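One chain comes next, on its own, written out as structure tokens in the form predicted alone.
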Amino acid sequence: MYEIGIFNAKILTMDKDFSIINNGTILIKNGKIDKIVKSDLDLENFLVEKKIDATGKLIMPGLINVHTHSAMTIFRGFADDIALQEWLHKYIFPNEAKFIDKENVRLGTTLAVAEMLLSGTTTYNDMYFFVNEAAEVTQKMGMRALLSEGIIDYPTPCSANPELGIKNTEELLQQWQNNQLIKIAISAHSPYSCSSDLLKKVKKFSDKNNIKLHIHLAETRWEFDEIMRLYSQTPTEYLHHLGILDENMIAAHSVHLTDSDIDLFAKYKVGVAHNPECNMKLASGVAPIPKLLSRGVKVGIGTDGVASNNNLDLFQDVRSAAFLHKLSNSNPLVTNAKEMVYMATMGGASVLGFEKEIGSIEVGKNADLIIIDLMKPHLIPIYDIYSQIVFSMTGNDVETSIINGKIVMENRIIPNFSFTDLWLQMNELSQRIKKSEFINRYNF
């Protein structure tokens, strides 16, 4: 018995040969892709519980958001048009201390996962607080995620000190071990907010448990200059000096890199989480993605949190990345659409260490797929499917999302989910946030 059979499908596999099947069938069994047939297949000869006719539709791997802060959906749009350091210290950190608790993390994560499911993301990598609550919500909604608590030198909403943050991570590893959807990483917020001793402790924990280490790195010019002032090293050189760089590291942003920094990334196989829209909005700079790719560095695309983006539609970030690097390099050939789609799928899987499980449509991999309706005015005609995905599609074109062989969104409906209830809860919370003493720059 196959759980799902998708037939009459145009399949973008993103395998090593970038194979495209114009009329094929995918059979899903026990959460995995069991068969891919490169021709019309009569499903009457197979026992299939759910049959999906994909005529006029594209089947592709689900997108992978390699850096976000999901529960920050509760702060969407409340502190815009501000430089990063002021944004963090005057608005975000004070309000997180006041409003981030278990209940609001559940609420914010629920909204984030719903937004991602509806826009084609099937896996996300998150750094935030009250991770167990976020994990429970994510698993319940059928999403795949790599989750970690943000560890920093001073108290956070869920940890009075960084040692407790590390202890929490150890408990999370035990609680979620062998889970099909949820994996646990460890996070250090950044080189400027974590002491050298704390960074070493986090790295030691990562090594001991062979898990990913997620960190903001070289995001702003201020960070670059501050680390240079303190240590006479770039942020990347500083982490190298501490022994932090390795293939388990996920370096979010990686904007201000020298050529020698890029050499270090390549040597130690560091993964990069590129966040083009956030970097543009906060005027953080342009990450040297073409140089990183030319050196074989793993690169995926992230949205960052919606307080600094302001949405989780990864299709938009893919398009922005393509335009950003063409413009900043004064060269329309510096990136191409196929590279962009790769970064959003297999590239992201490689950054997270999931490349053997997801990121492409291949027999034996987990069935994380999205179905896109191509019968829309802005998607007609099609000459190059990669170009169509990058330059024309949005998350609203995603019709159905399948994760681990389960349909988690179909015909733009998430089963057993009430947006009305979510809206009422979020509206009540936003009214309280608006009245916060820290929000005095707005005239609500």
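Numbering starts at 1 and follows the sequence shown. These numbers come from a predicted model, not from an experiment.
This next part talks about the form predicted together with a further copy of the same chain, which is not shown.
**Request:** Could you check which residue among L282, A135, M141, I262 gets a heavy atom within 4.5 Å of a further copy of the same chain in the predicted bound form?
**Result:** Spelling it out, the residue with a heavy atom inside the cut-off is L282.
**Message:** Can you work out which of I250, L146, I74, I289 has a heavy atom no more than 4.5 Å from a further copy of the same chain in the predicted bound form?
**Reply:** Only one listed residue qualifies here, and that residue is I74.
**Request:** Tell me, please, which stretch of 25-33, 43-51, 373-381, 398-406 lies within 4.5 angstroms of a further copy of the same chain in the predicted bound form when heavy atoms are compared?
**Result:** Looking at the other structure, the answer is 373-381.
**Message:** Is it true that F129, I182 and V363, all three, sit within 4.5 Å of a further copy of the same chain in the predicted bound form, judged by heavy atoms?
**Reply:** Not a single residue of the candidate spot has a heavy atom within 4.5 Å of a further copy of the same chain in the predicted bound form.
**Prompt:** Even though a further copy of the same chain is not shown here, does S232 get within 4.5 Å of it in the predicted bound form, heavy atoms only?
**Reply:** No.
**Prompt:** Using 4.5 Å between non-hydrogen atoms, is N309 touching a further copy of the same chain in the predicted bound form?
**Reply:** Answer yes; at least one heavy atom of N309 falls within 4.5 Å of a further copy of the same chain in the predicted bound form.
**Request:** Tell me, yes or no, whether L242 is in contact with a further copy of the same chain in the predicted bound form, where a contact means a heavy atom of each within 4.5 Å.
**Result:** So L242 does not count as contacting a further copy of the same chain.
**Message:** Can you tell me if N168 lies within 4.5 angstroms of a further copy of the same chain in the predicted bound form, counting non-hydrogen atoms only?
**Reply:** Flag for N168 set to no.
**Message:** At 4.5 Å, heavy atom to heavy atom, what parts of 1-35 sit next to a further copy of the same chain in the predicted bound form? List them in sequence order, or say none.
**Reply:** If the 4.5 Å heavy-atom criterion is applied to a further copy of the same chain in the predicted bound form, 1-35 yields K10, I20.
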